[in-house]
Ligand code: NDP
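In structure tokens, the next block holds one chain alone, the form predicted alone.
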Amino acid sequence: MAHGCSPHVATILAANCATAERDGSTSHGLFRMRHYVSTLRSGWVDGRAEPVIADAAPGFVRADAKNGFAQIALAEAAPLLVQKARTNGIAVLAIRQSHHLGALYLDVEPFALQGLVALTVVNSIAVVAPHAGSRAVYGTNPIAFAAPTADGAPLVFDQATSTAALGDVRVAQQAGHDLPYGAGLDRAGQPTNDPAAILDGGALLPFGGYKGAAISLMVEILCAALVGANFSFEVDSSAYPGAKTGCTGQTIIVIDPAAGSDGLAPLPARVSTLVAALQDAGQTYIPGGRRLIARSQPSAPIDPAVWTELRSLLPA
């Protein structure tokens, strides 16, 4: 709020960061606060924006975030999105003119807690080179998915379509750690695992070579061409020093598994059957499992350096 957010926006963003920190997703937790503040200070994002929600079609909702944060547009549109999914069996939300800096799994998990299946994609600043390319065109373009289970906690995963999330690259740079070999390119287009070289005019690479690059391409189409937002390579915040977000788009697809399911086994039970098979085959951690473990344990103390940094973000 001290840096320009309305109380409503500040509450949503604070809960997002605190929840990610609690879940052990530290690259999207308190670490992100400095980036929120830096972006707000730059004037690149409107911390008081009020999104406009449009009932576009029986199964389609459009949201204009008005150059605000995507999580606020999602919060405003979610009731209508759920209503449409319950009525039609499926519904889509397309958000434009939005900034996303948080953990993406937090956007879909609430739908799974309501018994729905949810998939979301978001594009961002161009930091990922296409397959066999030498400069960045795509964002890290993460995908998050959530489905209910019969065992209580939903099955949730969240992953970048690049070799690493940009937040993880920044954390590695800050900690002085290298990334895995083949993670990215330097500014000359040469392979590197140095996070500083990747961030200094270089680029990450898509995971899985051309296969991951094709998924990044799909995300760009779903988040920019479909919703009427910028492609990652079109984002230009150069006139706003300190900006850390891309003004891009996000698409969320929500499915009601109960639609037309008479006589079929309930989806939560089927998901739990699949999870049991994976565990029986030796898979130790099911996607999202580490977050559930973190939630079940007492919260770790905040790193003193992080606490000092948080306090420094407050005005004197």
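Position 1 is the first residue in the sequence shown; the rest follow in order. The shown structure was predicted, so the numbers you read here are calculated from the model rather than taken from an experiment.
There is another form of the same protein, the form predicted in complex with the ligand; it is not shown, and what comes next is about it.
Next on the checklist: Considering non-hydrogen atoms and a 4.5 Å limit, which listed residue (Pro257, Gly47, Gly288, Gly29) is close to the ligand in the predicted bound form?
Outcome noted: It is Gly288 that has a heavy atom within 4.5 Å of the partner.
Item to check | The unique member of Ala183, Ala160, Ala129, Ala73 whose heavy atoms fall within 4.5 Å of the ligand in the predicted bound form | outcome: Selected option: Ala160.
Next on the checklist: I need the one stretch from 189-197, 116-124, 88-96, 231-239 whose residues put non-hydrogen atoms within 4.5 angstroms of the ligand in the predicted bound form.
Outcome noted: Of the options, only 116-124 has residues within 4.5 Å of the partner.
Next on the checklist: I'd like to know if Gly102 sits close to the ligand in the predicted bound form, meaning any non-hydrogen atom pair within 4.5 angstroms.
Outcome noted: Flag for Gly102 set to yes.
Checklist entry - Any of the heavy atoms of Thr140 lying within 4.5 Å of the ligand in the predicted bound form? => result Residue-level check for Thr140: yes, a contact with the ligand.
Checklist entry - Does Glu109 make contact with the ligand in the predicted bound form, using a 4.5 Å heavy atom cut-off? => result No, no contact at 4.5 Å.
Item to check | Thr273, heavy atom within 4.5 angstroms of the ligand in the predicted bound form | outcome: Flag for Thr273 set to no.
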